[in-house]
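Encoded as structure tokens, the following chain is the form predicted alone, with no partner shown.
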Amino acid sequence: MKPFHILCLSSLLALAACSDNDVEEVFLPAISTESDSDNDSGTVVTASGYDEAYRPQFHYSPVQNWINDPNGLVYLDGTYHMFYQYNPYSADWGNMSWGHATSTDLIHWEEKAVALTPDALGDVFSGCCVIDKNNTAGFGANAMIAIYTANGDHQQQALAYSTDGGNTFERYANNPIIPNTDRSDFRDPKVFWHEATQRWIMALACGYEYKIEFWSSTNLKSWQKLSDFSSPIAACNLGQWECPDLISLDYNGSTVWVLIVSVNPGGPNGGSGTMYFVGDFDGTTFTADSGSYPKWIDYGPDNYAGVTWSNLPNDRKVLIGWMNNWNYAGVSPVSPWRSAMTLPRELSLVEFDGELCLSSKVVSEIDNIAGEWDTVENGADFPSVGPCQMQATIPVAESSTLILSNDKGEQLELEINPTAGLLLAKRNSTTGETSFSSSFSLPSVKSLLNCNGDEIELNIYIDQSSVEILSSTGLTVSTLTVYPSKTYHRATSSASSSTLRHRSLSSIWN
């Protein structure tokens, strides 16, 4: 969830922000009408709108201030709730609280009042929400239950509940529900109802212990430890384990379990990354299959801490991630907000090279903001300048390049190298602003090409400060933040037989 030096700082921040009241929650407005030129003064500045330089137009970002991990993703009565790590007072990390936004289509978002702020137990770190349909906790049928890490002197698990559909929360009077007095890394609970054993299951991350613990409860208040999961593969243990999510997916009529684990550092292209394990869960223990690991949910540097929504209809699995990297998150050149979320992605299982792999595809609801498809000539400008989706069908018989560019001379070069089985993105000084961090420039972001046949189809989502690349199979995925002075609006392929299509994507803020 955050680097070690930030974890140490959080205890001091929690002490400074704690309240004497651990039941009644203090609710802060998401937007202030006051302005202050000093964003570190504690006064929230007023945003000028959603038209600032680099402001995402079809990705969620708060009006102002810092965000990181998505938390508490839950669906209830036609509304998608997205809580997230948020600093109500600054565009820098600190004073960790839960921000809140809602949507009816996973694309358009409305920012709500801050949901949870620090109390006597500490800052409100990452966690989850579930809908208690059967009133197992005693707060009422269909209560929305938030379970999160309270980060004070130690990391402990705590509970809050809402009986008004997530508008307000009250903390459980007997927090913490899982106490801890000695472990430094013990956080990010993700909970689901396990039908076969008729109990709640929690996955908890143990940081630099490189393991996930599983716990069970019948009432969401009293918990018992069940088992541990760790990996003997050294490449899986290069950074602290965080933000777990254990999900079940159907594959050819059988239930397959997937454990998602974020790691930092140790990502596939430096800094943050999210890996996954395919296997089985028997209600007590998760066992990974013998496939090749680590498998990455996204090979780009800028998709971290992703988790899935709970309570979705038809057991749909949709994941969203924090579109940044701890290597440079604190210095990204944006204001008055800092960071955004990826597009939401639907997950499924696909067999590739004899192994089951996670497929990620942008949710179909993206069509709600999309224009008509136009075929564009190789090297020609798109029909319109601005946020868009382009689709490139490229032969893979030999290596080629696809260059996204603008009329300011800025470009992002993608290299398709079928011999090495790689898609390489060259994010360097030619892509736009990079001087804010020495670790931001990455001349060769490597992603597995993962394609069969004679061609690959890439869906490329271009916003004002990001490029998300997903193959049509969902097996090649790379998310990159970029900071060009103007949105890329031209595509040039060195493979003359490539087919290029474009459709505009409307701003979700208009």
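For every residue, the number given is its place in the sequence shown, counted from 1. Computed from a predicted model, the values in this text were never measured in an experiment.
Missing here is the form predicted in complex with ligand FRU; even so, the following discussion is about that form.
Visitor: Want to guess which of 377-385, 191-199, 361-369, 89-97 is within 4.5 Å of ligand FRU in the model of the complex, heavy atoms only?
Guide: Every other range fails; the passing one is 89-97.
Visitor: Are 83, 146 and 309 jointly within 4.5 Å of ligand FRU in the model of the complex, each by at least one heavy atom?
Guide: Answer is no for this spot.
Visitor: Even though ligand FRU is not shown here, does residue 204 get within 4.5 Å of it in the model of the complex, heavy atoms only?
Guide: No.
Visitor: Determine whether any heavy atom of residue 326 comes within 4.5 Å of a heavy atom of ligand FRU in the model of the complex, and answer yes or no.
Guide: Judged by the heavy-atom cut-off of 4.5 Å, residue 326 is in contact with ligand FRU in the model of the complex.
Visitor: Indicate whether ligand FRU has at least one heavy atom within 4.5 Å of a heavy atom of residue 68 in the model of the complex.
Guide: Yes - in the model of the complex, heavy atoms of residue 68 and ligand FRU come within 4.5 Å of each other.
Visitor: Just to confirm, residue 126 within 4.5 Å of ligand FRU in the model of the complex by heavy atoms?
Guide: Residue 126: contacts ligand FRU in the model of the complex.
Visitor: Only one of 119, 298, 245, 242 gets a heavy atom within 4.5 Å of ligand FRU in the model of the complex. Which one?
Guide: Answer to the contact question: 242.
Visitor: Just one of 338, 427, 187, 345 has a heavy atom within 4.5 Å of ligand FRU in the model of the complex. Which one?
Guide: Selected option: 187.
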